[in-house]
Structures are given as C-alpha cells and as structure tokens.
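One chain is shown next in structure tokens, namely the form predicted alone.
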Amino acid sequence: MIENRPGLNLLAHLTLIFGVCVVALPVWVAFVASTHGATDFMSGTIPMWPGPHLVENYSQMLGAGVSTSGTPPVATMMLNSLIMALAIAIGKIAISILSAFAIVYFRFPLRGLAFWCIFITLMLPVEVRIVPTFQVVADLGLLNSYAGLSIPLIASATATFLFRQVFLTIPDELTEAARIDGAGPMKFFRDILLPLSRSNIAALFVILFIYGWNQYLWPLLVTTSSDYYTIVAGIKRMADAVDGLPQWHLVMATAMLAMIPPVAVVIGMQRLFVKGLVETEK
C-alpha cells in the first residue's frame, strides 16, 4: 500500500515545475529575442517579453536569409538537414537490424568476434577518426553532396547492439514454428522480426533523427558550397559575422525554426518511443 502524503506530492510537483522552468527558460529567451529588432540588444539588457517584429523576422529568414553571412535561406538549410537526418536514421536502422539479424540467427565462424569488432567501434566516434574519414570522402569525390554528409555517419554499433538484445528476447518457439511452416530467413525476418521490433525501431528512429539533425562538425568540414549547408552549421556561420555584428534577432529566429522538425518527430512518435524504451517482453 502506497501512503498518500500531500506534502511530498506538493514537493514533487514543485520540483518538476522548477525543472521545467530551468529547461524552458533558454528556449523562451531565444523566442523573445527572435521577435525583437536588431537595436533592442545593443543596450545590454535582454527583453523578457515578445516584441513586434515576429512576422518580419521569421519571414526574412524563410525568404532571403542573412545576406552578410553567406548562408542560403533557412528553408534550404532545413531541407538539407532533413535529408541528412533521414538518411542517417534510416541507414543506421537498416544496416544495424540486418547485422544484428545475422549475428543472432546465423551460425558462422567467428560470429562472436564479428560482433565484438562492431561493438568496439563505440570507442571510435566521428571526432576521433575525422581526418581519415574526410580523406576517404574527398578521394571518392563526395564533398558537397548528400552522400558525403550521410554515408560516413550511417554505421552504428549502438543500434546493432540494441537490436541484438531485442532479438535475443524473442522466443525460440517462433523460430521453430517459422522453420516448420517453411519460412526462409528473409521471410522470417520480414514477417516476424520486423513487426515485433516496430516499437524499438521507432524509438531508435527518434534518437537517430535528432542525432543526424544536430550534426555540426562533420557538415562544417565536408560542405564548402552554400547549397549543402545544414541548419546547425548555418546558425554558426550567421553568428560569426565577418563584416559586422551578428544579427542576433535573426540568429535566434533561425534557432527557433531549427527546433521544429525534431520536436515534431518526438511529439509524433512519442507513444512508440516510450514503448520502445520500456518494453522488455515479447
């Protein structure tokens, strides 16, 4: 029996409200900054309430952008980020689920060694191997291309490990029943494993989409043409104005627009995302 203590409930709610305020305050400040003019930040005091330039600032960023920063319109950069994030998320899931399927359900020599060779790459993030990776991409002529933005980031040891753990929880009786019914490996994979892994795929898709959308260092290196700038790298370029002071109201408007796709993905797939993280039994 759980004892109902009003004092503890009040303390828990106050703690949660305080945490939400701490997390939401920077977002609110960015939104307020995106609704003011350029001169409102010269006094050194940050306004805390929205200004009258909301429509003007957002229309400018969705249209012409900031001409002094050399970046394309925000819509173009967001499209580039969307293509990159989708390619990374879908590619990681496709490669990882197939590799986990092979490791769990096929018997071949050095199967365990193959898994640990994949798993050990967790100690080699992009930042560690960025120089040889850039050299390979440059030699293949993939600079300033969507393939160069996404392919080097597709392999994922984490997703392979998670799918392997999911497959290990699936009862062997399903495998035996599929074998008795005459189902081949790919039919078993398509008709049984994929439906059972739907919630886990959704949870990984949310995480990997946000991972791809927030990439900064790699797009900054492999894109020299403004046609392939991503939104995160574009914000950095707008903040580093060369010929004058950064137009912070427009930078903040861009940051608010950049938040929309990840938030939409999280909200749209929230139920499957939570289910995929807490589901333990099949």
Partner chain sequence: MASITLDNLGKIYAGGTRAVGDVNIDIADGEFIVLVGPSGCGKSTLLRMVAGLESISEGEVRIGDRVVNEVEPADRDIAMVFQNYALYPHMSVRENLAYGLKNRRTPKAEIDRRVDEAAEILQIGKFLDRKPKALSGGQRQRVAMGRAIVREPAAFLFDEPLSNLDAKLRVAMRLEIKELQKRLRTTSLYVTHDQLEAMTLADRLVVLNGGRVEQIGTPLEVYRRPASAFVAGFIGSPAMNLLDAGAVPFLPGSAHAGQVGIRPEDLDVTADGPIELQVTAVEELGAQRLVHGHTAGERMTITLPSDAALSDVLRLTPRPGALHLFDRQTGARMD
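This is a predicted model, so every value here is computed, not measured. Residue numbers count along the first chain shown, from 1.
Below: the form predicted together with its partner chain, not depicted.
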Check your understanding: Heavy atom within 4.5 Å of its partner chain in the predicted bound form: which of 141, 112, 182, 125?
Key -> 182
Review point. Since exactly one of 95, 174, 79, 210 fits, which has a heavy atom within 4.5 Å of its partner chain in the predicted bound form?
Key: 174
Check your understanding: Using 4.5 Å between non-hydrogen atoms, is residue 132 touching its partner chain in the predicted bound form?
Key -> no
Check your understanding: Any chance residue 147 has a heavy atom within 4.5 Å of its partner chain in the predicted bound form?
Key -> no
Point to revise | Contact flag, residue 178 vs its partner chain in the predicted bound form, heavy atom cut 4.5 Å | key: yes
Review point. Heavy atoms within 4.5 Å of its partner chain in the predicted bound form: does residue 75 have any?
Key: no
Study note, to complete from the structure: Counting only non-hydrogen atoms, the one stretch of 188 to 196, 79 to 87, 156 to 164, 113 to 121 within 4.5 angstroms of its partner chain in the predicted bound form is 188 to 196
